[in-house]
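First comes one chain, alone, set out as structure tokens in the form predicted alone.
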Amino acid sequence: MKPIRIVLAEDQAMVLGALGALLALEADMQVVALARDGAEALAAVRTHRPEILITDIEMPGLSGLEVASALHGEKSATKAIILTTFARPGYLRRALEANAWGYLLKDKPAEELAAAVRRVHAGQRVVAPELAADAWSEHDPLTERERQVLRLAGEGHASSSIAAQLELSEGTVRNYLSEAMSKLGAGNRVEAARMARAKGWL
């Protein structure tokens, strides 16, 4: 029987290595590539066309959710499983909207991850049960563009830098930030980013 081919994406080298070693112990699984950020993950999936992508959410550049969304937009056959420390309903909801097939927490035993990979490979969705009930409890008010701008602002980028990265004018960036701050009731961009991140909206 052909093994389930997996790409792993995680920006912490020790966690990435440990996950790769654990999954390599499974006779029916093969880790074909390791990625340290979202762009690497997307490139690895396009190159290797694995059955499964296991990705963290918060990584440099593209987030795991953005990678899952990009693959969905490309009609990729690779099924994304989000593996994260963040037990935030907002993240889960965005993962489901990005057509992720799984959402699991890192504090679970390795056997649960392997079992989830097999279930997703078989066409089942797998969601951490402690989050499932809360996934739709609170509306995310941010648009995708507001989210991108706010995430970069939260990382300390100035409006000019954000404008250059997203190919927008500085005035447009300021408008997006102002709108996001208004929606969140935040006094400044840093507070707005912190509030949105705590909700799982970034």
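We number the residues from 1 along the sequence you see. Not measured: the values here are computed from a predicted model. Just so we're on the same page, rigid core means the largest C-alpha set that superposes within 1.5 Å between forms.
The following text describes the form predicted in complex with another copy of the chain, which does not appear among the structures shown.
The candidate spot formed by Ala43, Arg88 and Pro129 is out of contact with another copy of the chain in the predicted bound form: none of the three has a heavy atom within 4.5 Å. Between another copy of the chain and the residues Asp28, Asp140, Glu58, Glu155, the one pair within 4.5 Å by heavy atoms in the predicted bound form involves Glu155. This chain lacks the partner; the member of Arg118, Lys106, His72, Arg125 within 4.5 angstroms of another copy of the chain in the predicted bound form by a non-hydrogen atom is Lys106. None of the heavy atoms of Glu179 is located within 4.5 Å of another copy of the chain in the predicted bound form. A residue is said to contact a partner when one of its heavy atoms sits within 4.5 Å of a partner heavy atom; Leu19 meets this definition for another copy of the chain in the predicted bound form.
Another copy of the chain is not shown here, but in the predicted bound form it comes within 4.5 Å of a heavy atom of Leu113.
Another copy of the chain is not drawn, but in the predicted bound form it has no heavy atom within 4.5 Å of Arg145. Contacts of stretch 183 to 201 with another copy of the chain in the predicted bound form, defined by any heavy atom lying within 4.5 Å, are made by Asn188, Val190, Glu191, Arg194, listed in sequence order. In the core-superposed comparison between the shown form and the other one, the C-alpha atom of Ala68 has shifted by less than 2 angstroms.
After superposition on the rigid core, the Cα atom of Leu150 is displaced by 2 Å or more between the shown form and the other one. Core-superposed comparison between the shown form and the other one: the CA of Ala192 exceeds or equals a 2 Å shift.
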